[in-house]
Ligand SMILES: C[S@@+](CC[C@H](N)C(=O)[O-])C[C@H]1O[C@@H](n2cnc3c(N)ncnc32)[C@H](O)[C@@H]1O
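Below you will find one chain, with nothing else, as structure tokens; this is the form predicted on its own, and questions on how it binds or moves follow later.
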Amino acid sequence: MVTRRVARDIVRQWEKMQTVYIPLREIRFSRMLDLLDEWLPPKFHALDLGSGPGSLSVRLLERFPGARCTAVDCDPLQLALGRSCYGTMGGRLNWVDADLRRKDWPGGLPTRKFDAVISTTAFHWLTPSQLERTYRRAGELLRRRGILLNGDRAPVGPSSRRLKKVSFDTYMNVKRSHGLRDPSQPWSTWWNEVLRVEELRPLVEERNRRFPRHSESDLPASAHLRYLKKAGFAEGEVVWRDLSDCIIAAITT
């Protein structure tokens, strides 16, 4: 297993790389936590879906001392980095290897009732049918007056073709102004650093086995809201947006 020092260095580079792709990433994190602060009591249990190395989970636990969080991902590399870097944060952070693409992914969870389901920059990797099923499962896992928050990209809908184009072009110009000239460069640079660590190479191989190909689904926010309604959520709405970057919130009865 990789040492904590090495894991921290790589996770630190991950955070920096992600900020290049998502310039308002920290603001989006803060707004999601603000919403949790407004809606939930001081002690609550959150479920972080597609957690990666724990970026949102750790920020949540640092802000809310009485909270617990279960971080779910199926990327063995990201899970190993998160575990090595952060551990369990005094027993408050639990890591679960589960694949949201599978129907049975809730089977490995430590409990079947959560106060919040959160996700950031993850659901766009799901197909529409997988996303719809994930929202339904999330609704089943939430307690009464539970809240779901999805921070991800969700472009303007297809009915506004010209506005969709201009908002996307503006979004890309903002990214370029923050240093994203070559879209593949920050990602490939980070992977080169990972592959230099011999202990991580088997995890990269396993990751490649689990993800033989990658596909992204840029659904508009209206599609997310439609799926949330079908999943039985009482209310759902876009509560924060910056061009193609947004936070979608939904609550149970």
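This structure is a prediction, so every number in the text was calculated from the model and none was measured. Numbering starts at 1 and runs along the sequence shown.
Missing here is the form predicted together with the ligand; even so, the following discussion is about that form.
Can you tell me if residue 99 lies within 4.5 angstroms of the ligand in the model of the complex, counting non-hydrogen atoms only? Residue-level check for residue 99: yes, a contact with the ligand.
Looking in the model of the complex, any heavy atom of residue 29 within 4.5 Å of the ligand? Yes, residue 29 lies within 4.5 Å of the ligand in the model of the complex.
Using a 4.5 angstroms cut-off on non-hydrogen atoms, would residue 244 count as touching the ligand in the model of the complex? The answer is no: residue 244 has no heavy atom within 4.5 Å of the ligand.
Residue contact check: residue 95 to the ligand in the model of the complex, 4.5 Å heavy atom: Close contact is absent here: in the model of the complex, residue 95 is far from the ligand, nothing within 4.5 Å, heavy atoms only.
Does every residue of 25, 73 and 211 put a non-hydrogen atom within 4.5 angstroms of the ligand in the model of the complex? Verified in the model of the complex; spot residues all in contact, yes.
Position in contact with the ligand when the complex is considered in the model of the complex, options 122, 80, 131, 142, heavy atoms within 4.5 Å: Looking at the other structure, the residue within range turns out to be 122.
Within 4.5 Å, heavy atoms only, one stretch in 52-60, 221-229, 35-43, 193-201 touches the ligand in the model of the complex. Which? Stretch with heavy atoms near the partner: 52-60.
Within 4.5 Å of the ligand in the model of the complex: residues from 7-24 (heavy atom criterion): The stretch touches the partner through 14, 18.
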